[in-house]
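Consider the single chain below, provided in structure tokens and representing the form predicted on its own.
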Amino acid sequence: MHTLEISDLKVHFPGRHGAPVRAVDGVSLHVAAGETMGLVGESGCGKTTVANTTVGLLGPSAGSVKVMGTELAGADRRTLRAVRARAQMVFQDPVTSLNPRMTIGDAVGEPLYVRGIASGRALRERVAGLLDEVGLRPEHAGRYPHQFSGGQRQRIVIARALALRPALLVCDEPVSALDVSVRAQILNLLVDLQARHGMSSLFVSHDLAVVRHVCDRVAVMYLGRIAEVAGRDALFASPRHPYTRALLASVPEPDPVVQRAKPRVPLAGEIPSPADPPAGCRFHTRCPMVAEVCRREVPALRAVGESVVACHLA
């Protein structure tokens, strides 16, 4: 059994002129036990919507989302409460993720207290252990969020997410709001904690360098759909979808000689609106390889080499 199974997930929102905004429109993927799955793509492609649906913050319009075999689509409040103990989320901004009126000890211990798992001295000991696990001192428990740096606040958020010992950790751009100097520390902490506790992880990011560092497999999204899924090494060494190649070509190299030698993948136009997506392949309006079949038929995901690709011409 996979830790996370998403099948034909659709999440649509009401649009201004009656047409629904198809933020996610038929996504299928899975995360195996102990695996880190990266979910990448441009802003607005639906990554965060998938992440929020995975932990029950949004309900799917159609399709299936299962965490440890439990279906979230149409689940009642009791089921969602049970699932949220198994799937926790680390949000992008650690500042807004914490209540400024709560001490960090109360914030980290709240999941344990409200579920009746620990209280009093036992709760304080659990909180001290969680803070130590993420590199903070137990005596920090009495301080407030404004007394910590951005990197320390993200450590606090991670400690809170770990309190219930989840099977799945969903990370939505967990380092994009942090200084470059502390990003590697937080990423290494996440990798270490995942290995220590045997957790699975869905890692949402637009930063391909970060994804290459922490993920085992990578799914590439474009306009609400999956374009390509592959192992990390296969994806970076031999991308099959033209959109994946364009993404990798856009990553700057620190060595100017390497940068000049990189192949360029020109993309025409802008990303279409999810309220009015193009027919056929959604990437065909910008694709340098476009053929007539791309304008007519939606490409199915199929195996090409070591990848699974939604492209007629891959």
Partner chain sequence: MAEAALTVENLSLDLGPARLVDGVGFSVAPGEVMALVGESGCGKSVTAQAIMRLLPDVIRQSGGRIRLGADDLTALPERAMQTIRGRRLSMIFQEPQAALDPLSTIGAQIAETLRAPLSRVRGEVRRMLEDVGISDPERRIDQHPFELSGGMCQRVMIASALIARPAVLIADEPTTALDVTIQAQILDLLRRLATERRTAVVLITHDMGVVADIADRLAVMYAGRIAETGPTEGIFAAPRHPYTALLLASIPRLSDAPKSLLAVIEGRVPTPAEFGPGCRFASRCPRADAMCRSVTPVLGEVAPGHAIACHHPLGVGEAV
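Since the structure is predicted, the reported quantities are computational estimates derived from the model, not experimental observations. Residue numbers count along the first chain shown, from 1.
We do not show the form predicted in complex with its partner chain, though everything after this point is about it.
Chemist: Have a look at V27, L247, V55, V40 for me and say which one sits with a heavy atom within 4.5 Å of its partner chain in the predicted bound form.
Modeler: Checking each option against its partner chain in the predicted bound form, the one that comes within 4.5 Å is L247.
Chemist: With its partner chain left out of view, choose which of A122, A209, M102, V95 has a non-hydrogen atom within 4.5 angstroms of it in the predicted bound form.
Modeler: The option sitting close enough to the partner is A209.
Chemist: Can you check 137-145, 76-84, 175-183, 111-119 and let me know which stretch has heavy atoms within 4.5 Å of its partner chain in the predicted bound form?
Modeler: Within 4.5 Å of the partner lies stretch 175-183.
Chemist: In the predicted bound form, do V214, P252 and R260 all put a heavy atom within 4.5 Å of its partner chain?
Modeler: The answer is yes; V214, P252 and R260 each reach its partner chain.
Chemist: Is S238 a contact residue for its partner chain in the predicted bound form, using a 4.5 Å heavy atom cut-off?
Modeler: The answer is no: S238 has no heavy atom within 4.5 Å of its partner chain.
Chemist: When the contact criterion is heavy atoms within 4.5 Å, does A32 count as touching its partner chain in the predicted bound form?
Modeler: No, no contact at 4.5 Å.
Chemist: Is the gap between P288 and its partner chain in the predicted bound form 4.5 Å or less for some heavy atom pair?
Modeler: Residue-level check for P288: no, no contact with its partner chain.
Chemist: Is L187 part of the interface with its partner chain in the predicted bound form - any heavy atom within 4.5 Å?
Modeler: Because a heavy atom of L187 falls inside 4.5 Å of its partner chain in the predicted bound form, the answer is yes.
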